[in-house]
Structures are given as structure tokens and as C-alpha cells.
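Next up: just one chain, as C-alpha cells, the form predicted alone.
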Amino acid sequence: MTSTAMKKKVLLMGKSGSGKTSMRSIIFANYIARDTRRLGATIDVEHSHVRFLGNLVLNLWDCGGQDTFMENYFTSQRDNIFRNVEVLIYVFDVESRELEKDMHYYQSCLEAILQNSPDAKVFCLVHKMDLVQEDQRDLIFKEREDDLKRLSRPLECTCFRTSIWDETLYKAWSSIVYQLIPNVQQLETNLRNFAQIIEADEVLLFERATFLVISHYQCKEQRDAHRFEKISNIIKQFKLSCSKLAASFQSMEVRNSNFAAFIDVFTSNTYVMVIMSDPSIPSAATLINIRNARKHFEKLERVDGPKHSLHMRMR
């Protein structure tokens, strides 16, 4: 398969000031939340190509949200903007005082998507949720989600609450990118086999640059439903701290009386996290098993990779 065929066009849209460029900069450009304050407004459309998992390239169109630009997107630029779209991500400022206008622009986007890219997946991010009182967040998000799902028909939309100040941003973007990975089912099957072979409680696969979770398998029930996004956020901040000291993060082992967690470079495009609770399995054995599985998972990242499942001997 050619590299052109693996390009996925992603539209990032929403009113000016809704937070589109800030979230893009945190996920793909290694900004920390407080540094996004110095970002200026996006003028017209900013294009960026983000290589993801080697073969997959996200062709990201960050569309400025000023009224003049928005009107042009639906008229003179309509075909160019909305043709061949794989994913539309529409960002709403939860505290916007122009909700009616926001919804009007969103519906105009949907009409253009239906006309030009009817198979596109639609995601709505109700953003800046940190500005809402904590005891009101569930209610406000549910109301907004219901309105957006109703307005989106006949298209299906998936809604997320997000903030640049916590792990919700990673949860949303992990879910979005997951939809774009071409061989994700095969990847998950092999990750399950790997977890079972090495007797792990849980195995997570992170994309190397963004540290978004792209696949996981758990053998034991875990209590924290938000643990993936929290780990993404923590480790990415730690990686950034290392880079400021001219050091590079490669691996980590955390151990207590209940479990051991290993984070290690896995393939050229991923990190792996392995959770073990069996005290009879030494760290060295787990690290050897991670090393032995690398070559197989490297092949899986190529679209024409092997169709067979992972089989390996325990050390």
C-alpha cells in the first residue's frame, strides 16, 4: 500500500478561541498547558502532517474560527475543505455566549460533510470543562451531548468533555486516533496473546511521540477507569522534563508490594507498559519477554505485516 493511501485527512474546526490550536499543540507539538497561552489565533487553515505509527500520516487541517473564515469554508472553499475527510473534530467552548451561532456553524459543517465526505466520523469536544463548577459538569455535558447528537442526525457523533489541564484531552484524542489505525484489530489480538503468554495483569501500547494509548489488554479488572489517560499525561510530562535536561526517556520500572509496572521502548513508534502482580516472575524475565516481542510488533506496524498471531516461549 502506498504512503499516499495511508494519509488520513482530519478537520479540526470550531469558533475562534474555543481551544483548537492549544489542544493540537499539547498532543502533537509537546506543549505544556500553561505555554499554550502564548499561541495566537489561527489564520485561515494551518496544515500539518503528523506521522503516526510509521505508515499512518494524519493530514491535520486546523481551521481558524473567525466568522469571515467560517463563511468562506462553506462557500468558496467548500469542496477543498470538506472533500476526502476521514474525521471531523468540532470543538465547542462550554462557556461560549454565542451558542446559537456555534450550533449554526456546526450544522453547516455537517451539511458540507454529508455532501462531500458522507463516511467521515464526527467527534464533538465540549472543551474548557475546567471552567465549569465540578458539581455541574456531568449535567452540563449531558445536556450539550444530547443537543449535539440530535443536531447531528443522520450522522452519528461521539462527544467528549475535555480540558487542557487534565487527562480528559488524552482520552478524547486516543479514542479519535484509535478509529484511524488501519490494522487495530490485528494489533489488539497480538497484544492479548502477548499479555496472556507473559502472565501480565495488563498491557498498554502508547504511540511514541504523543503517548496516546492506541491499544490495551487487561486480564484483571482495574479500579481506575481513567488510568490510561492519567499515565499518558504523567509520562509525557516526565519525558518533556527529561528533554529540558538534555536527557532522553527510555524505560522505567515502578514496584511496590502489590505490583510491578514496566514502561519500555517497544517498537520504533511505540512504548509498552506491562503490569505484573505475580511476585514469582522476576523483572529480568519480563524485560526479556518485552525484548523478544519487539520484532513481531515491528512487523505488525507495516500494513503488509504478518497475518499470524504472536507465539513466543516464556523465559
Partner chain sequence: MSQGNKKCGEEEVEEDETLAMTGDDDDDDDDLDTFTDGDLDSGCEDGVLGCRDPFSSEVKPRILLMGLRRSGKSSIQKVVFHKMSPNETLFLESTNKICREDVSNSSFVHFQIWDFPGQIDFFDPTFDYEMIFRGTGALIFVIDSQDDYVEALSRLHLTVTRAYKVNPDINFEVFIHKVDGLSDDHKIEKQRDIQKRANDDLVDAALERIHLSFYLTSIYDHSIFEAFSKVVQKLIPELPTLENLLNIFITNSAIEKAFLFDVVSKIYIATDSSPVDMQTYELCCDMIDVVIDISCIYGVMGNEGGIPYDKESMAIIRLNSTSVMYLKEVTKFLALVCFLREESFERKGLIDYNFHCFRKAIQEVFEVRLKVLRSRKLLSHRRRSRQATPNGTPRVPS
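Predicted model, so just to flag it, every value in this text is computed and none were measured. Numbering follows the first chain given and starts at 1.
Although not depicted, the form predicted in complex with its partner chain is the subject of the following passage.
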Legend entry - Exercise: Glu202 in contact with its partner chain in the predicted bound form, heavy atom 4.5 Å: yes
Query raised in the report: Using 4.5 Å between non-hydrogen atoms, is Thr75 touching its partner chain in the predicted bound form?
Result: no
- Would Ile231 count as touching its partner chain in the predicted bound form under a 4.5 Å heavy atom rule? yes
Ser251, heavy atom within 4.5 angstroms of its partner chain in the predicted bound form:
yes
message: With the distance limit set at 4.5 angstroms and only heavy atoms considered, check whether Phe28, Thr189 and Ala195 all reach its partner chain in the predicted bound form.
response: no
Note: its partner chain not shown here; in the predicted bound form, the stretch from 172 to 180, 222 to 230, 81 to 89, 145 to 153 having heavy atoms within 4.5 Å of it is 222 to 230
Among Gln185, Gln115, Gln107, Gln133, just one has a heavy atom within 4.5 Å of its partner chain in the predicted bound form, namely Gln133
Applying a 4.5 angstroms cut-off on non-hydrogen atoms, the residues of 246 to 267 near its partner chain in the predicted bound form are Ala247, Ser248, Phe249, Gln250, Ser251, Met252, Glu253, Val254, Arg255, Asn256, Ser257, Asn258, Phe259, Ala261, Ile263
